[in-house]
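What follows is one chain in structure tokens, specifically the form predicted on its own.
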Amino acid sequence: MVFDRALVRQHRTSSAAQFGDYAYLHARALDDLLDRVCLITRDFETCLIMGAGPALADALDHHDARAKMKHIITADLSEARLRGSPYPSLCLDEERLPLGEARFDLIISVLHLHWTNDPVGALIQMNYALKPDSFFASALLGGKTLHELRHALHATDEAQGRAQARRISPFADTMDFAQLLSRAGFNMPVSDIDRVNVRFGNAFSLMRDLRGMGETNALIERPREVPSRDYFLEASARYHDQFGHEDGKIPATFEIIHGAAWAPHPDQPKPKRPGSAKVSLAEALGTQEISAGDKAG
């Protein structure tokens, strides 16, 4: 167990009232996920959108993918994040999904799986809740997220003779999300990465936005002692010295890992047996094949 799930819920609840003012990353991730839905030449009868409550309803309603989605249900770990949703809503825990078997034609997961202690287990449950040959798309924060802030805090701990504390939750490494989806039983998985750089006036502005998003530290082994304001002033100065731009702004990196896949169905395309190809890659590309033992040119 890495994350304090009760604290994750508390952070999401505390940020619910102002979340719409800080949901720019979530809106970007949802927009990208809906773009993937648009590429599919079918409509979806029953759709579950996890992690996207009323703050993102406008982004959903004005996307072209909305016309392909008939019945929509929104879901979140925090009930407060769902209040005012124009759609039927479920307050649920991603680690113990009460969804039943083969209920949905589409599930979209928006920036919440990185707070689960067992993301593969959560993916298995979502796969179970999908009808055969139904579509799944997800976005979660990856390991490069907030690397500048992490560096500044660690440097400050070292300069002040402190043990390096885990003040930022470890996000998933830049991993092969397609492999995780395959482990969870999905077919035809794909993944890619969207790296977003956001500019802030200072580190305090960045930390304000993280609180507004509900994305602050939820580690079980997080430090309980709150450092003094002087500690954060030094950390902010180190952040600026190491990463600051000429105009005085500082950058913050957010790495969004996207993945998409299909619930299994017997009629889906299957990969060919290795060695069964009748045409070489060189012939298909119209180039000369050079063996590993020969020197190119």
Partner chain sequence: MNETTTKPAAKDLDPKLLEVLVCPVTRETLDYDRASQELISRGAKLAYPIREGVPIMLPEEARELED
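Keep in mind it's a predicted model, so treat the numbers as computed, not measured. Numbering follows the first chain given and starts at 1.
From this point on, the text means the form predicted together with its partner chain, which you will not see here.
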{"query": "Candidate stretches 201-209, 70-78, 178-186, 114-122, one within 4.5 Å of its partner chain in the predicted bound form by heavy atom", "finding": "70-78"}
{"query": "Of 193, 219, 99, 155, the one that lies within 4.5 Å of its partner chain in the predicted bound form (heavy atoms)", "finding": "99"}
{"query": "Interface residue in the predicted bound form among 130, 146, 82, 213, criterion: non-hydrogen atom within 4.5 angstroms of its partner chain", "finding": "82"}
{"query": "Contact flag, residue 109 vs its partner chain in the predicted bound form, heavy atom cut 4.5 Å", "finding": "no"}
{"query": "Residue 103: touches its partner chain in the predicted bound form, heavy atom cutoff 4.5 angstroms", "finding": "yes"}
{"query": "4.5 angstroms heavy atom contact with its partner chain in the predicted bound form for residue 46", "finding": "yes"}
{"query": "Interface membership of residue 89, its partner chain in the predicted bound form, 4.5 Å heavy atom rule", "finding": "yes"}
{"query": "Contact set, 1-38 vs its partner chain in the predicted bound form - heavy atom within 4.5 angstroms", "finding": "9"}
